[in-house]
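Single chain ahead, by itself, as structure tokens, in the form predicted alone.
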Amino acid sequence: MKNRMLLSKQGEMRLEVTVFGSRPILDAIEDEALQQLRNAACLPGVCGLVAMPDIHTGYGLPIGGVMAVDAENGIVSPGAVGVDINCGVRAVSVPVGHREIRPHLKELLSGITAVVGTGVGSKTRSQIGKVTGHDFRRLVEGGVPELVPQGYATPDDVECTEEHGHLTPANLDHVSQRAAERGSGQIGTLGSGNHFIEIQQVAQVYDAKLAGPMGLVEGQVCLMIHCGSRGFGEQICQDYLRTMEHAMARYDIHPPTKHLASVPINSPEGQAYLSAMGCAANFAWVNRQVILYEIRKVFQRVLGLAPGKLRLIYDVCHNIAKFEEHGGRRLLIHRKGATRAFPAGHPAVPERYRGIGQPAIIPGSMGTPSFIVVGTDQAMTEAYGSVNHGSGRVMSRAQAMGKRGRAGKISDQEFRESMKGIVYMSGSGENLLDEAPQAYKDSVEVVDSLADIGLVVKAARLVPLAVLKG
């Protein structure tokens, strides 16, 4: 079949696996990533497993993996969710043209770095400050709606955030003190690695009927924010990986690798993990919302734009496990480096987009195009309402930096050439070669490999004007 590869059922696998992608993408997938899919297909209760064209090797389930598990008799696995729980991206429309904003790009990036913490272990520079005690519990259990009374969010922001920025269950009692300590000072921070804030231009509108409700027209400016749950989510993942490694034997669960440590969904450990994961998901949505709040103030100071003019298009999460109904069956869908993309008419889609489908945001790599798409009914039946979350790496960070021999190393000159005409900055001063466009797959080919077979419809293509990396 076009743009699909099937991994046949063999050994302990419970089902065959579908991998989406064009032929060049499929031919280039690492053997290790494919083996990780085969390993996941052996888990108890797994009833569906697909991989997106941005697939690459991860921890447990590969990045780009979507795993459906029976909600009553299946397992939950932190390695199939990811370390950075609810790493996600939000897109924002800005009602100015790209020519108008170009003279102010450096000032805008500098202003953003002054209020958004960047880099490994970064602490908040936001007005919200360090959040502890009852306030921390309130935010991680209640999510973005808890920011509305304080003025950090609007009802429209809540409406256009996946799950309205509030996932349940979420009980801080299921989170370690160490995780809470790591998270308390990190709300409003970007972090490092592939996290970014990007000012973009709408380069092409493919479908005005889709782009119109999103407020997108060619030539205007958009903004993307990509980050997650920081040290809070990372600590929760590590805590529960250890818990499940020790608990598996009691439930007679023996995965092919400890990286897929799992327990039954309905076990005490499984329920506690889902509650802790909900706290991390809410933390991440709050984090991106506070960053947007601070960015709105910077745009107001530099361009005179009222904060309400920067309108949230949508916020999607990656690295999550959520209960959904597919084919009349209740499932726990693990999306690791994959994005929810429900079609027109689905009850989870905001009213504004009910007639077109939920916007799914697919960022490119640094210096390459990003896309906003909507999912289709076909994506629901073939991919559990999921699409890819980005481009996907073709080089590890070590390879890109030349730390594993000379092969694959990206030169400073190659990097500068690929970023010509784009203002860019590392907020922490880190070298950006490991985030160079050459380290990633072609975002156009990745998105087209799904659009060509009807899993998504493209609404708009966005190109970078300025990029802030953590």
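One rule holds for the numbers: they count along the sequence shown, beginning at 1. Just so it is clear, the structure is predicted and the values come from calculations on it, not from any experiment.
Quick note: we don't show the form predicted together with the DNA, though the next part is all about it.
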Given 228-236, 90-98, 367-375, 148-156, the stretch touching the DNA in the predicted complex at heavy atoms within 4.5 Å is 228-236
From 192, 275, 184, 220: within 4.5 Å of the DNA in the predicted complex by heavy atoms is 192
Exactly one of 258, 346, 178, 106 comes within 4.5 Å of the DNA in the predicted complex through a heavy atom, and that residue is 178
Report whether the minimum heavy atom distance between residue 120 and the DNA in the predicted complex is within 4.5 Å.
yes
Can residue 435 be called a contact residue for the DNA in the predicted complex at 4.5 Å between heavy atoms?
yes
Q. Quick one: is residue 397 in contact with the DNA in the predicted complex, heavy atoms, 4.5 Å cut-off?
A. yes
**Partner contact for residue 216 in the predicted complex: the DNA, 4.5 angstroms, heavy atom** = no
Within 452-470, the residues having any heavy atom within 4.5 Å of the DNA in the predicted complex are none
